[in-house]
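Shown here is one chain on its own, the form predicted alone, set out as structure tokens.
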């Protein structure tokens, strides 16, 4: 199998990214699809890398969806779910505030995710401008999962985004991430999520106001496991069998 990764920027800011694991005969078709993902960019980097071994995750995280009347209510609910996953309330609140203002210390969005100590809230990623990226992951049969999600009422324009986010969150948990907080930097997409082994994948809307171009991910981890978790997220190839 081959790992295909796409990253697009505009003005030095990350605007789009995608990750796939495919067989050799599917590389051309998938690369064409990935190249069409960014709406507007001035730089795109595509990486194709042969994968020597792939670990199988039997099942994705269970999915739950909630809609609220305001961003503040959504954030409050997200914090409660993170507490259920074992995250200190003060740490969960710190993560929410971080994503609201932008997790890059220089301002704006990071390409990758923040690693945050689940007890103290300390940032643990080695490069606080790059962050940590979950890569080398995909569905065993992406098309069958896409059909199932369509049957569950997920809108067509959000399907690929949902497929990517759910498979990433599933790998994160498998690698030792205790919980995750995320919402998109796409100004037109206001749904976010929290995820964890004990809470599943919890879609929450709205996690930001429409038109806001700030978003990102925070991975809550045990500090002493930082290096092994980074190794798993960025180096190990995994496929998820079923939804």
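Residue numbers count along the first chain shown, from 1. In this text, rigid core is short for the largest set of C-alphas that superpose within 1.5 Å between two forms. Treat the numbers as computed from the prediction; the structure is a model and nothing was measured.
The same protein also exists as the form predicted in complex with a small molecule; that form is not shown, yet it is the one meant from here on.
Proximity of residue 186 to the small molecule in the predicted complex falls within the 4.5 Å heavy atom cutoff. Although the partner is absent here, residue 84 lies well away from the small molecule in the predicted complex, with no heavy atom inside 4.5 Å. Contact between residue 173 and the small molecule in the predicted complex is not found at the 4.5 Å heavy atom cutoff. Under a 4.5 angstroms non-hydrogen atom cutoff, the small molecule in the predicted complex has residue 109 among its neighbouring residues. Contact annotation: the small molecule lies within 4.5 Å of heavy atoms from the stretch 109-117 in the predicted complex, the single such stretch among 145-153, 109-117, 67-75, 87-95. For the residues 133, 100, 123, 140, the 4.5 Å heavy atom test against the small molecule in the predicted complex is passed only by 133. Core-superposed comparison between the shown form and the other one: the Cα of residue 222 travels less than 2 Å. Relative to the superposed rigid core, the position of the CA of residue 15 differs between the shown form and the other one by 2 Å or more. Once the cores line up, the CA of residue 238 ends up less than 2 angstroms apart between the shown form and the other one.
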